[in-house]
Ligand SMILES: Cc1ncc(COP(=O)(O)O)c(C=O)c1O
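Okay, so here's just one chain, in structure tokens, the form predicted alone.
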Amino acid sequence: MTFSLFGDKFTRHSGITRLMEDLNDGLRTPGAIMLGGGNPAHIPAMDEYFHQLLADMLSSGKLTDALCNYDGPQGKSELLTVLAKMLRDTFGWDIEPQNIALTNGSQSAFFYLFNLFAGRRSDGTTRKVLFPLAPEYLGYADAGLEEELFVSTRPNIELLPAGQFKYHVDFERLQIGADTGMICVSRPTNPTGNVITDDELMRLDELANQHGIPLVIDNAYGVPFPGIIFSEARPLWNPNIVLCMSLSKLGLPGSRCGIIIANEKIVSAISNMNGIISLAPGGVGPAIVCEMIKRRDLLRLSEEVVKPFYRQRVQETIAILRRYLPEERCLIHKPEGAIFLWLWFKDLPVSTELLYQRLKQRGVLMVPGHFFFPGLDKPWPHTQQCMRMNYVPDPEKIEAGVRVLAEEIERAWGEAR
């Protein structure tokens, strides 16, 4: 049996596949310390809220309706209406229901968008997705129908007090040409927790407009929901921006609900793709968040429950890291949002891929950094010196994992002497 070119590309093992396999296996392995995958926390107050909300929806018949009926290919009409109103009222954006489409998770949304704006064109030319700031989300790397669909730009690195650092867009190195089909940036960024500044975002928006290409912003962790963002950052949308949101980090990853906010032409295209590929997006997640908006709970819970939980957890985790790993062994990207810490083991004498394997043998799962740099034009040692760490687990588990991490870091340095 042989596969098509499509089959050959999408059946090979990838970084995102390995991450999800580790996540699945780790959740079922007694004693495993899960510091790798992107599962959100089970925040008790949110779990209790969802339990009561679903009970109410089951009692009223709304949950059964969502389970037993198809929505349209654009997504649940009621949610499109109430979400558009909420965004108009909150930000003053000129948004109507026809500016919103739902997908079966953000991963599906980005597969659609990457291949809508990049790849081979009818005239034979090929366009690419530009990541203006590497590192970027590992799930992007294999989402193109064409090979070598992505290009990315190395960041400027600002060293900060207390052993922290921050990535910035290097606009002098950033190259946008005739072969650029779209610009894509996540804010906050998975894996680093970086939030590009308002000025950086405005400059990217101006450049995208000048070149007649869309700016796609992955807002899966941002405001107004789930609100896992700890810096001052103004949300941005206009008809040339494609803003992508999600219910996953609100605490509903199993609902597989992505949200695309864009101009009507793009929304129409996404709706047609939904119809062809999956008939319609799933209806349960949209039904839940629709009810949350109508009860005025979505923004309230994001601000009062979700954000404070993660803010406290990241502060606790940094304190744990510093008990075991001094600044000369580990620099930490300034945590401005998302649910990860990005660790830089500067000049580490082994690759973080080898470090990942050693940690995994000891029951600690993290993610080596080299997966997060798709499209760099030349090798960069920095890509082999970083790891992504999820700070969602309970502090005692984090401390147990960090203790093992520190031991393996010292082992690597000891072997190099």
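Computed from a predicted structure; not experimentally measured. The numbering used is simple: start at 1 and walk along the sequence shown.
Although it is not shown, the form predicted together with this ligand is what the next lines describe.
Mapping the unseen interface onto this chain, P97 falls outside it, with no heavy atom inside 4.5 Å of this ligand in the model of the complex. Residue contact check for T153: none of its heavy atoms lie within 4.5 Å of this ligand in the model of the complex. Contact annotation: S248 falls within 4.5 Å of this ligand in the model of the complex, judged by heavy atom distances. Within 4.5 Å of some heavy atom of this ligand in the model of the complex lies at least one heavy atom of F110. Heavy atoms within 4.5 Å of this ligand in the model of the complex are found in exactly one of 72-80, 219-227, 173-181, 314-322, that being 219-227. At a distance of at most 4.5 angstroms from this ligand in the model of the complex, none of the three residues T192, W342 and T383 contributes a non-hydrogen atom. Think of it this way: in the model of the complex, this ligand has a heavy atom of just one of R256, R329, K128, K334 within 4.5 Å, and the residue is R256. Only one of the listed residues (G105, G283, P235, P214) places a non-hydrogen atom within 4.5 angstroms of this ligand in the model of the complex, and that residue is G105. Residues of 123-138 placing a heavy atom within 4.5 Å of this ligand in the model of the complex: Y137 alone.
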